[in-house]
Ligand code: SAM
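Given as structure tokens, the chain that follows is alone and in the form predicted alone.
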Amino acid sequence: MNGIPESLSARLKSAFGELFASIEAGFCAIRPVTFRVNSHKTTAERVAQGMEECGIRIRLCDWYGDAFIAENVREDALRATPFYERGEIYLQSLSSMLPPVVLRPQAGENILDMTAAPGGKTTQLFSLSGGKALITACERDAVRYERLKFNLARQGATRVNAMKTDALVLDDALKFDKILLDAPCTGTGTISPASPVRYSDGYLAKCTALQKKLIGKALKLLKKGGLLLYSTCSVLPDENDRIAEHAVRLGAKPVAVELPVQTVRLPSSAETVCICPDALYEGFYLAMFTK
């Protein structure tokens, strides 16, 4: 694929060797549009019937009963449906649906989403808990915070406490049963013909420095025996395994990530998962910890 910086190609070849060809093929893939049904407002059956009436062909994701793959349209067609306008669906990649599914939010749990905007995973956590988890969602950027609030309102996520703040400044006295840290990253797993490459070695260094700070803070905020799910939409070990190793040095105990689906995977450290980008999934990394 043209346009990938040589420095990025070199890093990927060094990390993954012959598997670089598979990664590059994934970068070239035009993935179908996928979306999640907001079970707080409607059902998958109603959406499926309505989409058929709109002339939109969809098929159910085989590992998540609220996720669909659109077969004959792009994003604009789905945004034009009443389901989107009413907040009954949320456009989201299949890979990005995995962290909330793996974290398994339950009613009554106190959950923190550390870098929440635009709210896809936040509202998914809300739906998966039946709207009964107590969720705190942080976003430091003012524009992204407004987008987060908009999506929370549209999705009817009423039990979410949205805070326009940097999670790094939260009081360490706060403690959460579960924490989702979907960390800011270079986004190397999302590269596609429709998604421009945003990469430089300097940007990578900036991201990894922030990731280390965030995961360190997350461990301070996590209850003893709680669960921390760290994820990125990157395939670079610097942002993935190296950050997981940093967490272990800080005292975190790895917990095996068990995905509900078999995907093409890239080598990663024990207990973690690194998804190789392909025709259906973005590149993605998941690691889970307790303390």
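A quick note: this is a predicted structure, and the numbers were derived from the prediction, not measured. The first residue of the sequence shown is number 1, and the count goes up from there.
If you look for the form predicted together with ligand SAM, you will not find it shown, but the lines that follow are about it.
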(request) Could you tell me which stretch in 198 to 206, 75 to 83, 102 to 110, 132 to 140 has residues with non-hydrogen atoms within 4.5 Å of ligand SAM in the model of the complex? (result) 132 to 140
(request) Using the partner position in the model of the complex, report whether residue 120 sits within 4.5 Å of ligand SAM, counting heavy atoms only. (result) yes
(request) Examine residue 155 and determine whether its closest non-hydrogen atom to ligand SAM in the model of the complex is within 4.5 angstroms. (result) no
(message) Even though the partner isn't displayed, in the model of the complex is residue 116 close enough to ligand SAM, meaning a heavy atom within 4.5 Å?
(response) yes
(message) Since only the chain is shown here, I'm wondering whether residue 183 would be in contact with ligand SAM in the model of the complex (any heavy atom pair within 4.5 Å).
(response) yes
(message) Within 4.5 Å, heavy atoms only, which of 214, 128, 221, 160 is in contact with ligand SAM in the model of the complex?
(response) 214
(message) Need the contact residues for 160 to 192: heavy atom within 4.5 Å of ligand SAM in the model of the complex, sequence order, or none if there are none.
(response) 165, 166, 167, 168, 182, 183, 184
